[in-house]
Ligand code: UTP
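Only one chain is given next, in structure tokens, and it is the form predicted alone.
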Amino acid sequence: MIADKLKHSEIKTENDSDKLIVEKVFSHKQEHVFRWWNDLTINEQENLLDQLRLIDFTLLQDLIEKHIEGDNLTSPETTTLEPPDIIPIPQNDSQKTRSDEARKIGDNAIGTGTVAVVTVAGGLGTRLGANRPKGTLTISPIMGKSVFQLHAEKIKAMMKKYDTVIPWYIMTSLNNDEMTQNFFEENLFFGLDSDNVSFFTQGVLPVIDLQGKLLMDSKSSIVTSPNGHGGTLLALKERGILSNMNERGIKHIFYHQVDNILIKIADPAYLGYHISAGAKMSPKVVQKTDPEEKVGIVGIRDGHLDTIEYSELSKEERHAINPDGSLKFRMGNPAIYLLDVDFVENINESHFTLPYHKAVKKVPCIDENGCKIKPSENNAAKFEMFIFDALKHAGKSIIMEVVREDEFSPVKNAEGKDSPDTAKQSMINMFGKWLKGVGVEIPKDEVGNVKGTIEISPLYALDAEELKEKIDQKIVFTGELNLQ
């Protein structure tokens, strides 16, 4: 059958529900998905219909009209862009006093059980040469602990320190949910109570070609793609996580991405600043390494706090400097946020909607003959929501600067920048900094990296202060040190 000659009557279905979805598909001019209908088994037909039922065709049509049929080649010009006011890294006595006061407020919030952790972990490490969840990759310098184990040990250490429970919610995807849950079960949840670790899947959207037609992955399935990290806010509601948080008395959500090896889980000073300001959503920021670093920056756009993508900044804006010679737009976004539970509920229940952003990609699919193809040029549009688009709705936020070398080292690439090697070196350098702070001599090479290997388990010390309390003051570093 030729797709453009298909008729409703040619798609034989068993019940009224199936007929309704077929009619909906035809009414939205996506009937090509039934091209091979008569070649499919009953199970394959049911699989296709089940996928189609999950599609919000009204939303899909809106995206097609806006991003495919509409003229969206140019973005609206930004009328104003200014750097935000930030809470700086404490340098003087007054700043340190303020930080200490904030920490006490954060300590209380953690100790009273009002804080939860949400880890975004929906990807596979394909760019790292591994077709498995990023969190399962071995990363620690000596023990070879996985990313998930390091995060788990930080949460476990904090629960012991504060004598409290910190629920951990891990957002997976349809592609890696089973693998992720199996990994935790095989590793006995890394010593955490399984009742306090929950998994929930991210939503997906269909992928369309550049003419607005649904792409097919096989004769009986449609190509789908995760709906972006902004989809976390929807998934928290749709998967019942917000209800669970409310039952537990959770008020504040610490959000981070799984691949940041140096993440400081539920930083109490950060929490304290956020709570004392009555903030609803607050980002951390780090200094950009250079004007051309391809990271989004946090700024005030048209009067609202926002994250501005690297590609949205002009060369003049990227290189603009302050009178003291520092970059004007230097506060990079490491994707670390605090969100209040009631704010996430409001996002879900009110008229606020996060915009969808189009990404044009090369996406494998089947052609009109049913043959699998791997395109050499961009052939598809994916749609994603970005969590930082919620910032403009928060009303009140604090922006806290942190030391990049202490809190941000993502694993994105197989080698080079932001790779497992750089992440391991970042950990070693941070541990070396802690040890130097307690008087241990730590040799460094010509570029400032520690010469040798160090690993300090979060269960031994969560930070430099805790290390100082525990470590033998007479210890000598001889090239390798492993504190577990």
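Note that this is a predicted model, so its numbers are computed, not measured. Start at 1 with the first residue shown and count on from there.
As for the form predicted in complex with the ligand, it is not shown, yet the points below apply to it.
- For the residues Ser282, Gln202, Thr180, Gln149, the 4.5 Å heavy atom test against the ligand in the predicted complex is passed only by Gln202.
- When you look in the predicted complex, the only residue of Lys213, Lys251, Lys412, His304 with a non-hydrogen atom within 4.5 Å of the ligand is Lys412.
- The stretch from 339 to 347, 314 to 322, 157 to 165, 256 to 264 that comes within 4.5 Å of the ligand in the predicted complex, counting heavy atoms only, is 256 to 264.
- Within 4.5 Å of some heavy atom of the ligand in the predicted complex lies at least one heavy atom of Lys134.
- Although the partner is absent from this view, Lys145 stays clear of the ligand in the predicted complex, with no non-hydrogen atom inside 4.5 angstroms.
- Though the partner is left out of this view, Ala116 does not reach within 4.5 Å of the ligand in the predicted complex, counting heavy atoms only.
- The ligand in the predicted complex comes within 4.5 Å of no heavy atom belonging to Ile300.
- Taking the ligand as it sits in the predicted complex, the stretch 222 to 259 comes within 4.5 angstroms of it through a non-hydrogen atom at Pro226, Asn227, Gly228, His229, Gln257, Val258, Asp259.
- In the predicted complex, the Cα positions of Leu124 and Ser146 lie at least 3 Å farther from each other than in the form displayed.
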